[in-house]
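The chain below stands alone, shown as structure tokens; this is the form predicted on its own.
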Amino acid sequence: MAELTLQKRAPEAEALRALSERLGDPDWLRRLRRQAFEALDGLPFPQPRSRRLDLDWRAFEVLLPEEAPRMEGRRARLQLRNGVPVAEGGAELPEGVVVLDLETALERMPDLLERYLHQAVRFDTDQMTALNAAFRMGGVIIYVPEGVEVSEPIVLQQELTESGVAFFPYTLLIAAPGSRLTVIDELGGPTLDRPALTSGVVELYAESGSVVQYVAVQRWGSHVVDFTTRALHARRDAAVRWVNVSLGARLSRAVIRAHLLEPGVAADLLGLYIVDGDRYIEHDTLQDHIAPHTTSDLLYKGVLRDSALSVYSGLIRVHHGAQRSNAYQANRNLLLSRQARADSIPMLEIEANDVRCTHGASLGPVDEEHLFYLMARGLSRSEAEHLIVLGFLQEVLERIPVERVREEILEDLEAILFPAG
């Protein structure tokens, strides 16, 4: 992949003021935006490990909001286009459950947003998180009150249909104590003629005793350079299944942080990525055991073909006093061509002496003996390879909680790895 070089434009302070005024931000949010913007120059750029990226965010036009219809926030599906809510539908949600764009939510529940917004993902982490905090337009909040169970999956569909722009999607999920829900967060759009930059943030708050299943599916067009930061704050006895699926973008770098804050937390962390052409994908994960008696189980699997490159870097960190922590981390990669490459960097940082932590990584081509076995039973080489890839990914696919999503990911896999003709 050639370096992406973009020419600088004038600073975007004017766009920041226009954005706040047009959205009618409260004072505390205006201050947050301004602080994030002023911190930009002093923060590090999250440079990918194995791809030099010469990129300046000022080269992109910051999207400003259009007039949007008012959402009721009582339906299980919300669609946004370029950060603007365009439709809601699906099943009616239980009393008190909210699925809303942030601008409407700021009018209805400002105190809740002030409490949670940009607390799990701080704006001063790096330049991309600061850009999101400063220029976020649109965004979604999902809130489930204490003890409420949402039986139908909540579906967010966020689409980018512009090129030459900087886009800052944001998802805030708050599961109050004892609540239960499943969320499918789908991000995508067509491939267009000019580069686009996305810098997304997701904050998940799983309060005590809540059960959360969250699936993020990224299908950006191949003109997109994508930076994403997602963080989980999990409280006592919360159970979280968190699946990250990466299928699109020219270059994608995802930072995943799971903070296990109190005893009894169990986090099931899954990833699946399919990479072709000369695309690049990077995952940087943290299993952060802050409290004792916490469990995390991470499995990320990828399939690469052509001259694609993936990098996985994962850290299990067990803090002092976090005794009886149990953590597992595995990254597996299947290479379908000689030019494809996968780098894996598993790490441990242990400050307690009564823990169980293991990690591992593997990469390699399709086993020729497996191919021979299947071909000897009448399959073509392509058909045999196809079955082996499906079998390799099945361990992650079967743990995605919604059948429709599993089927659509399988269709994506077919289109990327085994295109017709």
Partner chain sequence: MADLEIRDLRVAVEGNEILKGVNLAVNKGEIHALMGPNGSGKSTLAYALMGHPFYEITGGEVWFKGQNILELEPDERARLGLFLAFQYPQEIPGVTVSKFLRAAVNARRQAMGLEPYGPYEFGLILNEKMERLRIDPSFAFRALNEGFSGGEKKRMEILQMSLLEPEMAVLDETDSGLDIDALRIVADGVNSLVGPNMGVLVITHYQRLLNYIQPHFVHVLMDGRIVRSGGPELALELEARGYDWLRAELESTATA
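Numbering follows the first chain given and starts at 1. Since we're looking at a predicted model, the values are computed, not measured.
Beyond what is shown, the protein has a form predicted together with the partner chain; the following relates to that form.
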property	result
Contact test in the predicted complex: residue 51 vs the partner chain, heavy atoms, 4.5 Å	no
Close approach of residue 360 to the partner chain in the predicted complex, 4.5 Å, heavy atom	no
Residue 353 within 4.5 Å of the partner chain in the predicted complex, heavy atoms	no
Contact of residue 59 with the partner chain in the predicted complex (heavy atom, 4.5 Å)	no
Heavy atom within 4.5 Å of the partner chain in the predicted complex - the one residue of 68, 43, 64, 390 that qualifies	390
